[in-house]
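Presented as structure tokens, the chain that follows is alone, the form predicted alone.
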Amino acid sequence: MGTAQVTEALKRPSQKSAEAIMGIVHPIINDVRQNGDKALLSYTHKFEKATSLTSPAIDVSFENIRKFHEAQKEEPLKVETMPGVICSRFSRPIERVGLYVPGGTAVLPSTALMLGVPAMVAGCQKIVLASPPRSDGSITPEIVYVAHKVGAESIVLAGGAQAVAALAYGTESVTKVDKIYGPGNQFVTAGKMYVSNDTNAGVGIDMPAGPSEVLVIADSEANPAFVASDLLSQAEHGVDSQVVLIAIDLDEQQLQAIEDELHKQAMALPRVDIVRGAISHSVTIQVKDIDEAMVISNDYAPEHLILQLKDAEKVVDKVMNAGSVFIGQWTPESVGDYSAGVNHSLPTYGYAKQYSGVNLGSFLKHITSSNLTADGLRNVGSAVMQLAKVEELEAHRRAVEIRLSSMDGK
């Protein structure tokens, strides 16, 4: 395959209809913005508050995620750039955060953990979850349990662009938030992009995180059953998920072994129809060596990158663009999705070239400060005045001059 062919083959399925999606999302957002709860409820069901339950699996995952994100805390920074001139940087939590927890074809309490735990560790004052209810209007108890553990204020029983709009603008009973987090389908992603571009909303987003994707790089030592299981675990997310295999110097027989495993394992899955949909636009690319594989991978910038390779650890140095990397045969992507401690809310659509996945820093803002002594202002003052003069900003220049003059008793 030539470069252009590879690029075409790797087009994400949901990127082909961006304008159509915005056309659907726009009126929903406007409706919720203007008509609040009434509109929100017309798109969904009802509200309910958190109750308390217990779940050992959630507790283990909670603790690992908490440890990893707690370790990301930084001490405030203080630098004396010249005598008497002290510059500082310190962090403060984002006060009100909205966490979108998908609930379409699958219930995802793991996403509630991945967003709720760092929000809790960061010290956000208000945590609002939004998740589409089940057909009877209720929400899965696991999500309620996580909301309870992280100290969420409420759960908005709504999904899609309407939930994003409610969080962005607020309604009679939904708190307006400062930043919206979380993955979702293409409508959720489009909704997030829309509100983040509306200056009246005054809301940020974590990143564009759309339908899930995985890229597995496998060499001749990779276990075909393991490779197939990783491809399938991503394919079962939804029909618009993308699954890519880069095969390094595999012969026909080895490729067939992976194909056979894929078929055998897929047939045993309850979500076989969804898997079939995702696999229908999956791509296998054959390359000669690891360098060629990494050029393609870095250009694609996968959400999940799985290295089923001999000496996989050494290859990590070559990774330039990826949401999260899974190293070696004993590290299935599922451990990162649930319980290892790393975050699973990651950039898709190739946005891993510009964005990080959710981390503690996603819930913090950094504020800088300057603190000068009289001598500090003397030391730096002439540079400030000269630059202000060049820019013809006389009031800037005088703000320094007036202070220097007062020191000299003029």
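Between two forms, the rigid core is the largest collection of C-alphas that superpose within 1.5 Å. Please read these numbers as outputs of a predicted model, since none were measured by experiment. Throughout, we count residues from 1 along the sequence that is shown.
Although not depicted, the form predicted together with a further copy of the same chain is the subject of the following passage.
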Practice task
Counting only non-hydrogen atoms, choose the one of 222-230, 158-166, 246-254, 131-139 that falls within 4.5 Å of a further copy of the same chain in the predicted complex.
Solution key: 222-230
Handout entry: is_contact(residue 240, a further copy of the same chain) in the predicted complex, heavy atom dist at most 4.5 Å
Key = no
Exercise for the section: Give a yes or no for residue 151: in the predicted complex, does one of its heavy atoms lie within 4.5 Å of a heavy atom belonging to a further copy of the same chain? Expected result: no
Exercise for the section: Check whether residue 292 has any heavy atom within 4.5 Å of a heavy atom of a further copy of the same chain in the predicted complex, and answer yes or no. Expected result: no
Handout entry: Contact label in the predicted complex: residue 38 to a further copy of the same chain, heavy atom within 4.5 Å
Key = no
Problem - Among the candidates 214, 124, 144, 322, the residue which, in the predicted complex, approaches a further copy of the same chain to within 4.5 Å (heavy atoms) - result: 322
Exercise for the section: Tell me, out of 308, 171, 185, 297, which residue has a non-hydrogen atom within 4.5 angstroms of a further copy of the same chain in the predicted complex. Expected result: 308
Exercise for the section: For the heavy atom contacts within 4.5 Å of a further copy of the same chain in the predicted complex, list the residues of 376-393 involved, in sequence order. Expected result: 377, 380, 383, 384, 386, 387, 388, 390, 391, 392, 393
Problem - Rigid core superposition, residue 200 Cα moves 2 angstroms or more between this form and the one not shown - result: yes
Handout entry: CA of residue 33, rigid core aligned, shift of 2 Å or more between this form and the one not shown
Key = yes
Practice task
For residue 191, state whether the C-alpha moves by 2 Å or more between this form and the one not shown after rigid core superposition.
Solution key: yes
